[in-house]
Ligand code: UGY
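First comes one chain, alone, set out as structure tokens in the form predicted alone.
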């Protein structure tokens, strides 16, 4: 006769607990829940899509993990505007045939109509944030390409003590239809109010940890987490933990309201 064997305990995580949340107003995307993708035109590159029009966003954002020697297989020009921010590793970014070496926290803006190519260097993989969207043309010249580094950008006080902005793209130039900034917080610092505004956001946590309130729901976030916020999503946050927190923030700006085409109904 076989002896009775008690059932083994279930492994941790069997109830599919995860910090990831997707709603019509916002999404919280921790990296452990984002599955890898591959793309034509890239080699030795893993793509983690953070947001896209499929989620309801009007832009796309991804994290590229590129092995040494990997990157694009040829120069690319898809008619979109692009912003690249290097989180770690080393990358050579070509714009219209001119090469630019990026170190961690280096970044580049590639306007619509320009060619770019990417090649990872160094001895280890790199992590590159990629933002892209159709450019909204107005009666101003299209901006020129821009390459710089976060360390070169002045820290501006952001309304309250203990917070700062770093404007990575020119904020006074109305030709830009998007801003990408770094917003930093000292421990215990928080927004002065619950913001509810027309700008859409893509937020990538660079360092530290925070509590974020999104449409009334609280979420704890940390480095490498991503948040998408739709237009008019109520938002509030404060910095937790023992050190500073900072995130890379995309938003759409400098364009008037657009209306859907008339349907002919009264």
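Residue numbers count along the first chain shown, from 1. Model, not experiment: these values are computed from the prediction.
Just so you know, the form predicted in complex with the named molecule exists too; it's not on screen, but the next bit is about it.
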property: 48, 127 and 132 all contacting the named molecule in the model of the complex, non-hydrogen atom within 4.5 Å; result: no
property: Candidate stretches 187 to 195, 97 to 105, 143 to 151, 81 to 89 - the one whose heavy atoms come within 4.5 Å of the named molecule in the model of the complex; result: 187 to 195
property: Position in contact with the named molecule when the complex is considered in the model of the complex, options 42, 59, 204, 212, heavy atoms within 4.5 Å; result: 212
property: Answer option from 165, 176, 109, 116, heavy atom within 4.5 Å of the named molecule in the model of the complex; result: 165
property: Partner contact for residue 171 in the model of the complex: the named molecule, 4.5 angstroms, heavy atom; result: no
property: 4.5 Å heavy atom contact, residue 255 to the named molecule in the model of the complex; result: no
property: Heavy atom of residue 156 within 4.5 Å of the named molecule in the model of the complex; result: no
property: Contact test in the model of the complex: residue 235 vs the named molecule, heavy atoms, 4.5 Å; result: yes
property: Heavy atom contacts to the named molecule in the model of the complex at 4.5 Å, residues of 240 to 255 in sequence order; result: 247, 249, 251
